[in-house]
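First, one chain by itself: the form predicted on its own, in structure tokens.
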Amino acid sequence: MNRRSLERVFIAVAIICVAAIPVVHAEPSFFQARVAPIFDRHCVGCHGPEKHKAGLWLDSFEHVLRGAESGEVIKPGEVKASELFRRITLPDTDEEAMPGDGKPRLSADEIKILELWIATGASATKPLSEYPTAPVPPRPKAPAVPLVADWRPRAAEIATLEKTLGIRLAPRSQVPTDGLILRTASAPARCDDAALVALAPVASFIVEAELARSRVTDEGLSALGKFENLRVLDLTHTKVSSAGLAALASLKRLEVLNLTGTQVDDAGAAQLKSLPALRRVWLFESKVTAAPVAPTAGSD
């Protein structure tokens, strides 16, 4: 056999050997596969790049371990001493419960995943295979019925309103028919009654309005009454009172309402009974002396 023939044989053998080597895919870490998705679903909206309450970011492992302005929220190996775990296991009626503002609470499986992760050292690298008994949360189901029309054809108009009014209209999810969230936390003073009136052309796309500490008054509630697809409304520490609540009677889809720190009293709270979808109300630090809606889980 000549030299060229030998080279061909060696090349063929090498190809066969390489092809026979099994492909080994890197195993994801438990944090990456189970923990981070929980933070993405429940926490990053209030503790991430767009909005970071109390200086807490939960959009990366490094940020989670860094903690908040008040200190660390995770103590590796110490579940009960971890502030984040304490907050997610508080009852709905507690002001410190997380997630707050009427957002969906973590499921039992999600809480168990975070408990396992913290108890075993809150590692960024431990592989998923080291947690064979960890729950596998089901994938969130897409809504069977769209919450709103697709907002994307109006994207340019929405962007102009954001720039003009100094507010944010953020997509609720990657599904364009899930609607938009009106956010004012970065500069609540920019949002007033006139801003809500100006949003009328795109009001049907807004499903959540985060108006805490904004300059909205009873007059602004008249404009909010036309946000026909509104599901969640946060008016914490605004100047709204019972006199303006009648304007919300048209919000047939409103499920969650936060009136903490407002001037709403018993007479105003009684009006909330007319809202057919309302299931959760917060009235801490208001003038309400009696439970406004019964039975409503989470009402205070």
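We number the residues from 1 along the sequence you see. Values in this document were obtained by computation on a predicted structure and should not be read as measured data.
From this point on, the text means the form predicted together with a small molecule, which you will not see here.
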Of the residues Ser274, Ser70, Ser250, Ser60, which one places a heavy atom within 4.5 Å of the small molecule in the predicted complex?
Ser70
Have a look at Asp178, Asp101, Glu115, Asp193 for me and say which one sits with a heavy atom within 4.5 Å of the small molecule in the predicted complex.
Asp101
Look at the candidate spot formed by His42, Leu56 and Arg87 and say whether the small molecule comes within 4.5 Å of a heavy atom in all three of them in the predicted complex.
yes
Is Asp218 close enough to touch the small molecule in the predicted complex, meaning at least one heavy atom pair within 4.5 Å?
no
Distance check, Leu106 to the small molecule in the predicted complex, heavy atom within 4.5 Å:
yes
Can Arg34 be called a contact residue for the small molecule in the predicted complex at 4.5 Å between heavy atoms?
no
Can you tell me whether Ala243 touches the small molecule? I mean in the predicted complex, with a 4.5 angstroms heavy atom cut-off.
no
In terms of non-hydrogen atoms within 4.5 angstroms, which of the given stretches 128-136, 195-203, 79-87, 160-168 touches the small molecule in the predicted complex?
79-87
